[in-house]
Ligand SMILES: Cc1cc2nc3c(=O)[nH]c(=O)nc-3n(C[C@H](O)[C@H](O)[C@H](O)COP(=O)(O)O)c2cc1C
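One chain comes next, on its own, written as structure tokens: the form predicted on its own.
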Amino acid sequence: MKKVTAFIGTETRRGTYRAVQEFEKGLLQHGEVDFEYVFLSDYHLEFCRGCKMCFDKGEQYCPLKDDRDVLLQKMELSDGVVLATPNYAFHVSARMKNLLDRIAFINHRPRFFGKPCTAIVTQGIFGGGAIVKYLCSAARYMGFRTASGCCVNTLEPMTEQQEKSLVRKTRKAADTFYKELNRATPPPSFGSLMMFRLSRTSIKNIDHDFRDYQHFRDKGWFESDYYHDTRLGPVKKMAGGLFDLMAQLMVRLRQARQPDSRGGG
């Protein structure tokens, strides 16, 4: 049985909770799923201090000792993840943003390969579509592959038409997510392949004491075709080589623009 966890960034159990419930019902129409609701308000998660210890030395050196790793383990033990939030001032809620901030080191050292992720956004009037795109983009940087999410209007009191629209949109998102949940991990897109090759070339040229360099080295990513085992066709093999050359050129140009560290008159 597949395990799906929904991380919900609201303290009220109304519109967003209702949307996730309908999403779960949509999944269960396809088969058995172990579905867990994780309300971020139930966990202690302090605001990021911007000290960069997680980036530079490793996430275990973060000075904040709270429930970050509890939430992270829930993601790691899931076969699929849902990020659900209301539209607050045209962005995710503060709790959802803080979660993404606190695990941002995974953007540098992605790990959730083979797992699908989707986004559910609720709103009063408009602006939520961009938030769905933002959440899916954030998930891709962490290694997730994304399924089309949805944005639903839940302005209270909801009309009958809005109720029907909520059910229709969440069920459609559930159908798409279920397909991704049971699909083999596809080869990387050209865009994902380019980002990997650019990232690793950049990381090759940083101080070897930094955690990012050590992580790439230990994972064998400096020599691999991609973050995980995959088969690249001849066209993508060629494209990967071109991306490597492009990345090397970008590093050289950046180094040439750096001021002379020896100083001068």
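Numbering starts at 1 and runs along the sequence shown. These figures come from a predicted structure and were not determined experimentally.
Keep in mind the form predicted in complex with the named molecule is missing from the figure; the text below concerns it.
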Contact check for Ser78, Pro116 and Asn182 against the named molecule in the model of the complex, heavy atom at 4.5 Å: no
Residue stretch of 80 to 88, 142 to 150, 96 to 104, 185 to 193 approaching the named molecule in the model of the complex, non-hydrogen atom distance within 4.5 Å: 80 to 88
Residue contact check: Gln255 to the named molecule in the model of the complex, 4.5 Å heavy atom: no
4.5 Å heavy atom contact, Thr170 to the named molecule in the model of the complex: no
Interface membership of Gly129, the named molecule in the model of the complex, 4.5 Å heavy atom rule: no
Distance check, Arg14 to the named molecule in the model of the complex, heavy atom within 4.5 Å: yes
Sequence-ordered list of residues in 89 to 128 near the named molecule in the model of the complex, where near means a heavy atom within 4.5 Å: Ala89, Phe90, Thr122, Gln123, Gly124, Ile125, Phe126
